[in-house]
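Both blocks below hold the same protein chain, though in two forms, and each is given as structure tokens: structure 1 and structure 2.
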Structure 1
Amino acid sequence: MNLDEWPQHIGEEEFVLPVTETLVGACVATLSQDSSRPLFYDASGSITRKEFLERTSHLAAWLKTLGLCKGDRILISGSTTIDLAVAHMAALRFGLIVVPVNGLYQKNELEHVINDASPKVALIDHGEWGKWINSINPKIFVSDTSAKFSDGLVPELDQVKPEDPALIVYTSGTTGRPKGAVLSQRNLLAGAHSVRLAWKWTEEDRLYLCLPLFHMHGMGVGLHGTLLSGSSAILEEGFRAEEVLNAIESKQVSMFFGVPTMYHRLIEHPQIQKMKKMRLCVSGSAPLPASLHRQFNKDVGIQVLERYGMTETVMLVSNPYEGERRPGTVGFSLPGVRLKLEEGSGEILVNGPNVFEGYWNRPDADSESFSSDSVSRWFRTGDLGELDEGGYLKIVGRKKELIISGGYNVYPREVDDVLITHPDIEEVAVAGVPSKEWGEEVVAWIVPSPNQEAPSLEEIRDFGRQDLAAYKLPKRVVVTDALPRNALGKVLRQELREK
């Protein structure tokens, strides 16, 4: 199929952003109506639209007492709870730039983010982090995410402009340490608005949201989409198949968003038939195996809707809400999003109001990541695509060195750099190998130091655990005499996988 004939977006409606053109403006406009409607439920109780708006303004007033000003960075990390949703939205309404951080990070990973983004305040719910942050930068004011009130004046809220930075999300450490992708208020609004239209998300919906709120899937789609559409969500601290299935009836859930590992675990559950009642089940962040998609269709009678997104672009492409959701494909471009496949390489390039502004403090990375034609600037996704005969986009590979395990990204270099410091390891390289449960799993190939026994898997995991989040640790180790390298000495990871 010729790309010029490709359906450039799904959904009937013209893509027009809500007038404020900011995420906070559009969400507050929705939440200010029908104020007694419930918005979120979590283990601590529930909160209405009105209470949510009140709590975010009280928290913003408290943040102001700490001396924060518009444009300052605030690091936020906690479980998927109402407190976290309030903290996130309070900061955005105040005009702060939220730096969401994965709660599984170890000190060394956190240190990089702190040194790069220089937040003034950290709202965190992880025991050891307070001590770590204090030793990294004692000037950062640290507190937990729980309710905070101030008698002081509420600062001016919702005064941000569409182009104001709203988030810095750390990603892609292929060349060195992770870079901070800066997303504006308009980017976040466009991302949430496009899926709201495409998936016919209305205020009658109730989402079961157990994804972490520090990545695009849980935050940019689940949380922002709920706030924008004025629907409601059950917030859960972590995924348990049993609880998802029980909540469908008891909590009248209509939508579930998950990564393929969650669908893999759900289909094995004896009560999976309960999922039949859902209006919409969406999978993303990693490829959903076509066989699993078909199994859901055959055994449960639901067509999981697979979509494709990225930190830098929020959501890009989605299978249609109406019409065939084709296994093994990600579908058509979302409203407002323009895509093209680079001639020759097949790399997916994207342009649209959802595409981020650039990397924090990294003009060098910006110039590598964008390609301009006479009219537009295109972001290079690093993913390789093909259109099938029906015009559905298939992701057929990645240009970037990246392992996606259970929806979390692992950059092989980052793991290599830690494991190579083990005294009994002479050479090491990790790569992702196919795994039924995780999609890909991290495997380490090691060459032991001369005259040393190769360390065991457990020894290697214990060693790596101090510096790497647990999901980055190898699940398997292969001992070898030499690593395959090209003429320049670069490890050929593809050959490792085939070894």
Structure 2
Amino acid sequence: MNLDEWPQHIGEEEFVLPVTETLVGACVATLSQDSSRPLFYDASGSITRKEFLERTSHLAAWLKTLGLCKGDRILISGSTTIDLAVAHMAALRFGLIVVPVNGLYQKNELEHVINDASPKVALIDHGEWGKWINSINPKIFVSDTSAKFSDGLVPELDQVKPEDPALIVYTSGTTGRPKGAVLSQRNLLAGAHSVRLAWKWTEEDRLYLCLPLFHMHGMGVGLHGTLLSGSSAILEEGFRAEEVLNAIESKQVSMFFGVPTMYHRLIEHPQIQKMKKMRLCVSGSAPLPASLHRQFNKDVGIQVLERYGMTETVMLVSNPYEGERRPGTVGFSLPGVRLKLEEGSGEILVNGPNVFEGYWNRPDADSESFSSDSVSRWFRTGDLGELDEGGYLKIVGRKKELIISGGYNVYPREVDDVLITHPDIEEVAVAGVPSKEWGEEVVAWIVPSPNQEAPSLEEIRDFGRQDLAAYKLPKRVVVTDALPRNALGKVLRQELREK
């Protein structure tokens, strides 16, 4: 089905960006009003809008003393703290291109990013990284993310243009070496502005943000959305269910953004009823099992809002804030976003001001990732989608993860969603492995439920027959203690296939 004809979007009003069309311009305009209003809280204390703008100005002045100029790259990596938020925004206001990096990277992964992006400065909070960076490129100036103060004149800030590059964010690398997606000021503004509108995000909200700020979920949605809306946020270094639940009352939290693993931990906590006071709970970065969505709604009375986005596009699709949030789906396109399903493959193609222009120094990847019609340029997400009877979009798998067994297409997620409902299975992931007979065969990796024996292959096949065609049933089962996942909980199926 061609989604150009798909009438359902979140919000019918015309999508218009704030007048500056830059993330920093719009955020500074918001934060310059009611300057004494609290903005961020972390373990070290709090900071007002005025103090935040002052600290970003001072840090920008210090960066200028290092000889940096607009368009230079700066690598930033650290915990979710006020210091990191200040460093991130100071660099953007100065016109630098921020390269946010996963703090779990090992030396060879960090070396790839450094050699590819060529940053001149690194602000990091990881002890051994300083030695690593010095050995990779001794010309890079290395410091921590704590705000520096300079006696020099503050450089001219917020002079960036909408099309200026703001971030180079490296993809997760689930298929080959990570590529640097270049996102402009306009891209980042459009992504944050669309969810602000769709989720009725106002300055009265307070977000509990424990997601890492190297990733689009925590940074492009959580951090940028807070700055754009003028709301406030509790910044936490990591997730602890008890801390989240206690903050709802003690710190008047109204919003929580998390990944499915966090919702699993929350629903198991004896004080989960505290979540009833939340205005909005959002899940993303990995599929939220429909069973967990229903359990949360049954036990807590809250419908978790699942949405869909990518490194290259910020946010694309969301279940509605007002109306049914349908389990197992990601909803409708956000304001400003256009989608269509490619004929034949079902791949999701997207277009809009949130969509990046291309990868850093990778014209070969650009040519593979974009297609054009007579009117627009479309980004190939690599995700496969379908619409249910209500017009809600469902992600059925990754194009490169598609299993072709005996000539039939098998979407791993479809099988996952059925098998995870088995009472003796705690976690499951399906992948295709080479087979002389079938081309590929379906293999299920399972983590048994606590204190339960792993079900046998025949038990699993019998369980799945009521919902799955015979060719979709696993031909082998591998019992494991844990599934390989990236930092935000997404299963790395490629690693399963390589085992």
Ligand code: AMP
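For numbering, take structure 1's sequence and count from 1. Not measured: the values here are computed from a predicted model.
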{"item": "Identity of the form predicted alone among structures 1 and 2", "value": "2"}
{"item": "Selected hinge residue, from Gly301, Lys400, Ser146, Leu387, for two rigid parts turning between structures 1 and 2", "value": "Lys400"}
{"item": "Rigid-body rotation of the smaller part between structures 1 and 2, in degrees", "value": "148"}
